[in-house]
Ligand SMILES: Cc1cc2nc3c(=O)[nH]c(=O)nc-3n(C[C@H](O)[C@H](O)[C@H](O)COP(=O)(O)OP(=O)(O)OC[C@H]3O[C@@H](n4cnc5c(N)ncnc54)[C@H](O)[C@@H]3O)c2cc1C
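Starting off, we have a lone chain in the form predicted on its own, written out as structure tokens.
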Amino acid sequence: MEVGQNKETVGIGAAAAPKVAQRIFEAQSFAVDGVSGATVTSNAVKTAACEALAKAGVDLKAWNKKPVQKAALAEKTLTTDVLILGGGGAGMISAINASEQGAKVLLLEKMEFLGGASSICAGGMLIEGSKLQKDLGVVDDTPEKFVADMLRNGKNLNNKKMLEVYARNVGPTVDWLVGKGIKLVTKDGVQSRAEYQVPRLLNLQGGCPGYAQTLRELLAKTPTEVLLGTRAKELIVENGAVTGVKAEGNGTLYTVKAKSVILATGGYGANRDMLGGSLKKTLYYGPVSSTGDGHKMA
């Protein structure tokens, strides 16, 4: 058998394939857990390994037994300055920024890879108020125009207060990202869209997979501690303030104490129980990790 080039999505399938192969090898069994969010890749690796062993003349009966699970979970207490729950774009950017400012940072991600929705989104980025937008010739955009467009498109159902925070900060955030090495396609200038008064859209170079991978690489250069496969279960509240979290992962129950806690756990589109009315029947095309964990804890 020949192992070909790994052409799976960078950071998701590409990361899942070797993990599943290692689990099969260590357990000497195909009945191992796949990587959540990369089910197709996980199953493909299991099938390929099974076929390879069959062709090698191996008796596969023993390879279908479920591995023995450890009975008891270890317990561990961790302390940090900044605790970030969720390792998508928002979580990674928060970790990079906080680490570079000298804070001790711990990031927990329930999936076995970083990226979240930022790994699989459409790849467009709004650049309202950024230096980049002005450098490309659009000098008449403002937070007020941005808010007005969003309210009109959202039929005034938006949270205006949060929308205004977003409008004031999206420009500096884009400039920060560009300064860190995120590439946007600028050869044709800023794109116009019917829903916006002025041009304010650019596509990410390499799409979202490339964007998320750049963030992973930037994060890896910081001293941030990252625990993958670790799900936050309960926020710790003391005197009305969130001071940490109870979490579980990799055979360990964690109690994490932190000076600051950032919830970057994404949305809840993948949790039909949290959707109302006709939304329960709406097509969902986001990550399987968007189950509203942060919303429920908060």
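Keep in mind the model is a prediction, meaning the values are calculated, not measured. Numbers for residues come from their place in the sequence shown, where the first is 1.
Below, we turn to the form predicted in complex with the ligand, even though it does not appear here.
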query: Site test, S130, T186 and P199 vs the ligand in the predicted complex, non-hydrogen atom cutoff 4.5 Å; finding: no
query: Sole residue of V190, L218, I182, M111 within 4.5 Å of the ligand in the predicted complex, by heavy atom; finding: M111
query: Partner-contacting position among T214, S118, T224, T80 - heavy atom within 4.5 Å of the ligand in the predicted complex; finding: S118
query: Any non-hydrogen atom of R231 within 4.5 angstroms of the ligand in the predicted complex; finding: yes
query: Residue contact check: G123 to the ligand in the predicted complex, 4.5 Å heavy atom; finding: yes
query: G89, heavy atom within 4.5 angstroms of the ligand in the predicted complex; finding: yes
query: Contact flag, Y285 vs the ligand in the predicted complex, heavy atom cut 4.5 Å; finding: yes
query: Location of the ligand contact in the predicted complex, chosen stretch of 250 to 258, 235 to 243, 42 to 50, 263 to 271 [non-hydrogen atom, 4.5 Å]; finding: 263 to 271
query: Residues from 282 to 297 in contact with the ligand (non-hydrogen atom within 4.5 Å) in the predicted complex; finding: Y285, G286, P287, S289, S290, D293, M297
